[in-house]
Each structure stands twice: as structure tokens, then as C-alpha cells.
Ligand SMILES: Cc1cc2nc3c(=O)[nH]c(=O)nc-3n(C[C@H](O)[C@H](O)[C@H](O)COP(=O)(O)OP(=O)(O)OC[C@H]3O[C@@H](n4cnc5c(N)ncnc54)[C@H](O)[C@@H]3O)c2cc1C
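Single chain ahead, by itself, as C-alpha cells, in the form predicted on its own.
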Amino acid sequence: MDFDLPDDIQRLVAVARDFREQRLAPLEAEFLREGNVPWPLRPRLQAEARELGLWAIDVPRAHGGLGLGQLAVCAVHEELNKHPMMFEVGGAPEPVLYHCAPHQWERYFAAVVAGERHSAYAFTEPGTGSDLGAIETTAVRDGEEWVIDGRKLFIGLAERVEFLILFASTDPSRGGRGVSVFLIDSGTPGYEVVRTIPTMGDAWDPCELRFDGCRVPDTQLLGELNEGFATADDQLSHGRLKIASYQLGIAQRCIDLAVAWAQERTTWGQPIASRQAIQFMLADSAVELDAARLLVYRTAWRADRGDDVRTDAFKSKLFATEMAQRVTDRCLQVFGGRGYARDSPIQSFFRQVRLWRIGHGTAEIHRWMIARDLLGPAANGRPPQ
């Protein structure tokens, strides 16, 4: 069994490291001060990343990508997320877009790979997050069109993108088995970005959306009618694995900073690195990070083999996000008041990781799904088959 990353992935990670050190690191002080960087800078950085080959990492070569798979995605995003600005390389369509029909392919899938268009994923609503069957946004057929009404909440980047990937109920009597997916171009009449929502994190101000008699042609249906449940399941497994990789980079950066500080900071004439309390916090953090990395990378490797990694993705995101929360908390404690200051990246990471224990399914939902996999029908109160 070989635990080393393949050479082509190692080379790509080295490119990502150079990019982070040379292009992202100089922006860190401004980012920590302002909580973001000017928006036009992000597409310029993405263009630079594309020139370096950091683009469409897991997209098959036949579709214009690097074809390197999920392990490469995780390794690169671990490296990039050692910077607090949550920078993602582009050119990777949401997995649901692989369901595009031939007449949708160029306008949506290929345009994302080319960097010409960007999407937002409109799933969560004021009354529901992970419960697909509770979606209240409706799409009602009217001849060859669909009329969409409802609201969406906490939709990232909705005010910046060219189209939405929208989940709506097309057969309320079937609950979660009556949900479909639509492609909604920005500017479509009846679709409105109501507001951005200030949050406790940096670089993430999601949006509230409203649909009031929004009409789209039948050609905007993505995939099969009432098959949104299966589409979302695949989408969320992919997203959970990538989010888990973010936590690896965050935790590694915080540990590196805390180790350096413990060696430098002195109390009563000795570096705090000599204090057992500090040693134990750093040791526990290092062990938990290594365990999380092995779990995340194994899941990515299995995904690249074509295995069903749905439950493994739940495990990876659950363990990695909770690990990162503990590690950032410990490392902030090692820094003391210095870590609480706004110019410390640790405080930004600490607030950022709190989001990921909620987004793409809460930790509690993840535990429930893992338990269902272990216990089978008994988890729902039914006798074993």
C-alpha cells in the first residue's frame, strides 16, 4: 500500500504552494483587516491560477480538464486553504451539471470549464436545509414552461454568478421524491436577489433569493423530472469531500503558527513550548490532523476508483470539520490574546471552520446518516429485513 501522492499530483500541489506563497500571502494582512479582498481581484487571481495549470482539476480530459480526480482536488485545496481567504481554483462544474442535456452542455457545463460562466447552488430555504422533502419552492408546469415561486436562503455568491442550479418541488405529494432541478439564468424575470446576509465569517456573505412567477422553458429542466433527490445525493458527497480537504489546510496552518509562537513566546524565562499544557494541545492537534488527512485522502482515492463513497464522505466531513474546530481553538489558546487580535489569521480560521460544521449538512445530520448505514432499517424503528 502506497501512501505517497502520485507524482503528477505532487507537482500540482507544488504549483499551488508557490501560488499561495507568491500571490495569496501578500494579500493576507488586507484580508484580515477588511474581512475580504476587493471582488474584481478574485477573477484575476483565478485567471493567473489557470495559466499555471490550476484549473478544472477533476474534469475529464475529454471535457477540457486535467482529469486528475478527487485526490488531486483534495490535495490542492488543502494547500490553498492554508490562506484564510477561501480561494478556490475554477473550471470545475458542480457535479449536477454532468447531467446537462446536449442542448444545455455548451451554455452551462462547457462555459464553466472555460471560465466564462459561474453558478450558484440554490438548495437551502428558510424552513429547510438538509430535508429535501421539506422544500417549499415550487415549479408548476404551464404548457411548455415552468412557473417557479418560493424563497432560497444562504445561497453563496448568488449576486456574482451567471446562473443558478435550483431545486424546486414539482410534485409535492411525493415529498423528497418529487423534487426537480432547474437552470435559472441570472436576470430572468421573476427571480430576485433580495439581500446579502452578513455573517460571522470572513469572505462569505450569502444571499436570500425570491422567485415570484419566474417562468423558464421546459428546456431548463436539468436531468429527469422528479429525480432531484438522486442528483443532490451525488452533488453533496462531492462537496463534502472538498470541504473536508479545506479543514486539513486550515488545521495545518494553525498548527504551524502555534508551534512557531510556542518556541518564540517566553514566560518566567522559558519558552511556552516547555509547558506541558502547550505540548499536549499541540500533540493532540497533530495527531487529529494526521488521522483526518488519512480519512479524507482514502475517501478521495476510493472515489477515483469509482467506489460508492457516500458514507465515507459523511465520515470525512464530520471528522475533519470537528477536528479543525478543536485545532483552531487550541491554537488560538496557545497564542492567548495575540491570537484573538484581528490581524491574527487564527481568529479568521476559527470563525470560518464554524461554518463548515453546518454547511453541506450539519454534523448531526452526518452522524444520523452514518448510523443509518451501520444499523440499517433498525435506525428508523423498523425490524431487520
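All residue numbers refer to positions in the sequence shown, first residue = 1. Here the structure is a predicted model, which is why all the values come from computation and not from measurement.
Quick note: we don't show the form predicted in complex with the named molecule, though the next part is all about it.
In the model of the complex, the named molecule stays beyond 4.5 Å of every heavy atom belonging to residue 146. Heavy atoms of residue 314 never reach within 4.5 Å of the named molecule in the model of the complex, leaving it off the interface.
The named molecule is not shown here, but in the model of the complex it comes within 4.5 Å of a heavy atom of residue 365. Of the heavy atoms in residue 359, some are within 4.5 Å of the named molecule in the model of the complex.
Partner proximity in the model of the complex, defined as non-hydrogen atoms within 4.5 angstroms of the named molecule, places exactly one of 117-125, 100-108, 237-245, 71-79 at the interface: 117-125. Just one of 37, 32, 45, 355 comes within 4.5 Å of the named molecule in the model of the complex, counting any heavy atom, and that one is 355.
When the named molecule is considered in the model of the complex, only one residue from 190, 95, 91, 129 comes within 4.5 Å through any heavy atom, namely 129.
Contacts with the named molecule in the model of the complex, taken as any heavy atom within 4.5 Å, map within 156-173 to 156 alone.
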